[in-house]
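Only one chain comes next, encoded as structure tokens, the form predicted on its own.
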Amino acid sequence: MKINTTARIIYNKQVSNEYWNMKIYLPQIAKQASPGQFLTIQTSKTGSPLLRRPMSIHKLTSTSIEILYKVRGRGTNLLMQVKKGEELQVLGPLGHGFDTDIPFTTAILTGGGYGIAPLKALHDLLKKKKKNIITIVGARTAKLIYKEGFTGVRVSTEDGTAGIKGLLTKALEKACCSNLKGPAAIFACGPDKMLQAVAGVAAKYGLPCQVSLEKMMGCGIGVCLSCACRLEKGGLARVCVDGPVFDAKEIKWNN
């Protein structure tokens, strides 16, 4: 059930040159939320900008939700200025999250750049389930890498400033070729081109793969259709309500 509520900010702090971390007291939403779902947040009290900003759930407790965000435009610039104790309007939990009930022993979490954001809540849940975890973090350059709190981390950068030089899929292929502990599954988030490549690797090695799509969401509740994506079986899906997490085989990558 979606809840629209006024939420108190526990903290809002810069955690790297590129990323900010906001913790929000949200007991009603937190107790219903699951990894892979998201919130929409009104970034100011003036009503401008009009549209709320969608934010994936980064960390989850019984009473609070954390988001990880980059300052990229007017909305996130306003969000950056919110202080501890202030309040914002929040709607959630929204969308469908990751399915962790499928059979697997090893989870390969694969985040490209800002795509690492929704994978931390999933990581924490999988640790509780005693799954073996490999975390692959990729970005263009080292300053865009965020790996705080993850285990089994393997880094790749396109310019070679950290970890393996090359695309994230290079590190993913190495992981798939390694001596995995039991059956494995891939959980990924990042730009579409990266997710398409990850889906290709998953198909090559016969591994189930769930992808969290990054799309522009105007309303976050399936009305405006700004986040529609094409499906392999034909037709469209609304990422905000039918996703954002899909089985990689469902998505028509070559539109």
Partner chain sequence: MEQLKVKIGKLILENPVLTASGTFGTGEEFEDFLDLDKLGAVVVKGITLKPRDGNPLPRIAETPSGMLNAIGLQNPGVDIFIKEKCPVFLKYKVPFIVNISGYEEKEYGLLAKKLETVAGVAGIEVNVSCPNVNYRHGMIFAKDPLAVSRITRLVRKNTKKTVIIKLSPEVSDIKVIARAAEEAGADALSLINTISGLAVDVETRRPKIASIIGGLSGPAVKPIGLRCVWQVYNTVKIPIIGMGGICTYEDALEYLIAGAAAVAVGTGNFLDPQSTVKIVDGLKKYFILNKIKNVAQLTGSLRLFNN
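Positions refer to the first chain, counted from 1. None of the values given here were measured: they were computed from a predicted structure.
Below, we refer to the form predicted in complex with the partner chain, which is not included among the displayed structures.
- Taken together, 216, 221 and 228 are fully in contact with the partner chain in the predicted bound form: each brings a heavy atom within 4.5 Å.
- Contact annotation: residue 203 falls outside 4.5 Å of the partner chain in the predicted bound form, judged by heavy atom distances.
- At a distance threshold of 4.5 angstroms between non-hydrogen atoms, residue 254 is out of contact with the partner chain in the predicted bound form.
- When the partner chain is considered in the predicted bound form, residue 238 lines it closely, a heavy atom lying within 4.5 Å.
- Though the partner is left out of this view, residue 91 does reach within 4.5 Å of the partner chain in the predicted bound form, counting heavy atoms only.
- Look at 22-30, 45-53, 194-202, 64-72: in the predicted bound form, residues with non-hydrogen atoms within 4.5 angstroms of the partner chain sit in 45-53.
- Residues from 1-16 that approach the partner chain in the predicted bound form with a non-hydrogen atom closer than or equal to 4.5 Å are 1, 2, 3, 4, in the order they occur in the chain.
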